[in-house]
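The chain that follows stands alone, in the form predicted alone, written as structure tokens.
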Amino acid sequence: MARLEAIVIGCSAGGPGALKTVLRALAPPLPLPVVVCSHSGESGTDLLVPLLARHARLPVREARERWPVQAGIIHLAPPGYHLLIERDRCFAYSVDAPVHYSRPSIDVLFESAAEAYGERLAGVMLTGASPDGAQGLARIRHAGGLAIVQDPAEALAPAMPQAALDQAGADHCLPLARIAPLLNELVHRE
């Protein structure tokens, strides 16, 4: 397996609780970026950034257009825009139509990240109540990247991880508590 250079995470209903569990267990220093797309409604990252910052051991920031995707940082997609990662590994915003009623869309983030990182990307699908992210996770796998899906049987909202399994499959389907330890192992091994 190629050395990972980025992790993207998607979630929706039940996402903040699941993100707290995963992000709190990621072990610093993390030599790659983590980019999160959570369907967050109008309050968006105004509430989510400080909430996750209280629990994560890494800095948490809202991703800004044209900023570089930095290692060791947890970047959150802003409300109202699709967040993309360009080939030069900087963020871009889009106001294209919502995907599965969502903007930001997990599919849009995952598909652009697959183009930018190829086999050096891990995509993680957590709890949620829509199929958004399943096609993006399939694109990550098609590009040679790694797919990790929360076990739908334990997800607060199983529709999103189940859609990911149905449409993309997974390299690992795990309980939430085992996702960050796997990421730590993958990131820190040489």
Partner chain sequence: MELTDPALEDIELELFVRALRQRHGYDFGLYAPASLRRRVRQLVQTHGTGTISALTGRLLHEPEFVFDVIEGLSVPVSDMFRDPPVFRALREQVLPLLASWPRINIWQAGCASGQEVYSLAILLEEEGLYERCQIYATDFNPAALRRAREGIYPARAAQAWSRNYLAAGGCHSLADYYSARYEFIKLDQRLRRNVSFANHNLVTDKVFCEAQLVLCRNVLIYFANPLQDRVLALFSDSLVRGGVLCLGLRESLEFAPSAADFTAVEADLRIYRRNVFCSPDGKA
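Please read all numbers here as calculations on a predicted model, not as lab measurements. Numbering follows the first chain given and starts at 1.
A second form of this protein, the form predicted together with its partner chain, is not displayed here; the remarks below concern that form.
- The shortest heavy atom separation between His142 and its partner chain in the predicted bound form is within 4.5 Å.
- A residue is said to contact a partner when one of its heavy atoms sits within 4.5 Å of a partner heavy atom; Glu65 meets this definition for its partner chain in the predicted bound form.
- With a 4.5 Å cutoff on heavy atoms, Arg103 counts as touching its partner chain in the predicted bound form.
- For Gly72, no non-hydrogen atom is located within 4.5 Å of its partner chain in the predicted bound form, even though that partner is not displayed.
- Taking a 4.5 Å heavy atom cutoff to its partner chain in the predicted bound form, the contacting residues in 67 to 89 are Trp67, Pro78, Pro79, Gly80, Tyr81, Leu84, Ile85, Glu86, Arg87.
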